[in-house]
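Heads up, the chain below is alone and in the form predicted on its own; it's given as structure tokens.
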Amino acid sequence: MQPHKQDWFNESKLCMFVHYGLYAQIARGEWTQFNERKPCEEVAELAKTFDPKHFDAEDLVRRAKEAGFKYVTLTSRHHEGFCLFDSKYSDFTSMKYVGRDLLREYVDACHKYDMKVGVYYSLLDWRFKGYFDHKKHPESKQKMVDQVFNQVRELLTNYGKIDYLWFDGGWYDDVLPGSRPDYGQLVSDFWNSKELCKMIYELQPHILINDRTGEPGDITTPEQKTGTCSDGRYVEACMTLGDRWGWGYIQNNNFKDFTTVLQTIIIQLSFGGNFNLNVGPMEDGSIRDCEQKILAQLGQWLRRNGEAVYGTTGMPKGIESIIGEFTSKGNNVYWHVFRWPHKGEAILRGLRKKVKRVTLLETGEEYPFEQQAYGRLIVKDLPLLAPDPTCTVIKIECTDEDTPEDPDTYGVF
């Protein structure tokens, strides 16, 4: 079978999102300029004090790799318009103000550590009047669209191989996500996205594009929620470690605990999708200890249970359990048990293949089992306490043989 350009994406499963920009100095998130109606001139002053002295791309990417992520996505430019890359089409860049092309440092680190490269780029730019009222300021709007084409061309010609282009900010004026049935077409027309995507694929044919240009793209990217895609494309849920506004650095400690993070990841994998977990470096570019701790915990769990994550294809159709979720790969089903069963017996239903072995994934310890009608599988003699109280993975090895037909009666049902 010929490899598909999305194969690496499905195999990888886990991405680390990194939101970093001038907004880290404000410490109230990347939307502060808009939400607090800060003048562009006030935000521009932050460039003069921007000091990413502890932004260490190699350390960042190495930590991502150790945490079990297979690709990283860095914000090359967010809505405030400040570029972390060198651009001929803007003076509002890290190169001009601190003499560093942070994106190049990041891309080089990804290549060094064999990580796939994702680049976030915001279509909108709050510095342009034409974004807020394109009918009143058509020339400004066109300059903003031209900036998009020029800078995306720079990203795809000056930095070597880019694997994933993650667009954001397609909405404009009163055309907001979900506000009208023709939203996608209006966004595509506004940014001339058909031509934009054509240019991108011509420059780097292998690249993946997400769904936020108004065009379908290759990847659907629900935000702050898990979900599946119904049209056959891959789906990547993106989520913060902190609260819903916490993409960029916010000076608080409202972080999800590791159990919540891991179980949310598993739920998304059970849909067959990928998960993109965000960190927001502080103003100096360093990652907070509390974020590092969660990343380290994730890496430890994945080193024990990665087989049940990477390259999986979601839960088998019809299978259900009230104590956990499922992923699968080939003839193997992985039961991610969140709520350890009482009295050493775990039951699922809907498994339509004959089972040959049931083991604890981490150790290979084998457990006895019984298969019954309606796809019921009863796993017996489990330990009284969960081997991993956060998420224990039970590996179910199946054969190609189907289970017998169910009886005509459903008994008590």
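Throughout, we count residues from 1 along the sequence that is shown. All values reported here derive from a predicted model rather than from experimental measurement.
The next section is about a form of this same protein that is not shown, the form predicted together with ligand GLC.
Looking at 317 to 325, 144 to 152, 165 to 173, 303 to 311, the stretch with residues near ligand GLC in the model of the complex, meaning non-hydrogen atoms within 4.5 angstroms, turns out to be 165 to 173. In summary, among the residues 79, 288, 256, 100, the only one with a non-hydrogen atom within 4.5 Å of ligand GLC in the model of the complex is 79. Scanning 238, 266, 115, 83 against ligand GLC in the model of the complex with a 4.5 Å heavy atom cut-off leaves one residue, 238. When contacts are judged by a 4.5 Å heavy atom cut-off, residue 20 does not count as touching ligand GLC in the model of the complex. Mapping the unseen interface onto this chain, residue 223 counts among the residues with a heavy atom inside 4.5 Å of ligand GLC in the model of the complex. The closest non-hydrogen atom of residue 247 lies within 4.5 Å of ligand GLC in the model of the complex. Residue contact check for residue 120: one or more of its heavy atoms lie within 4.5 Å of ligand GLC in the model of the complex.
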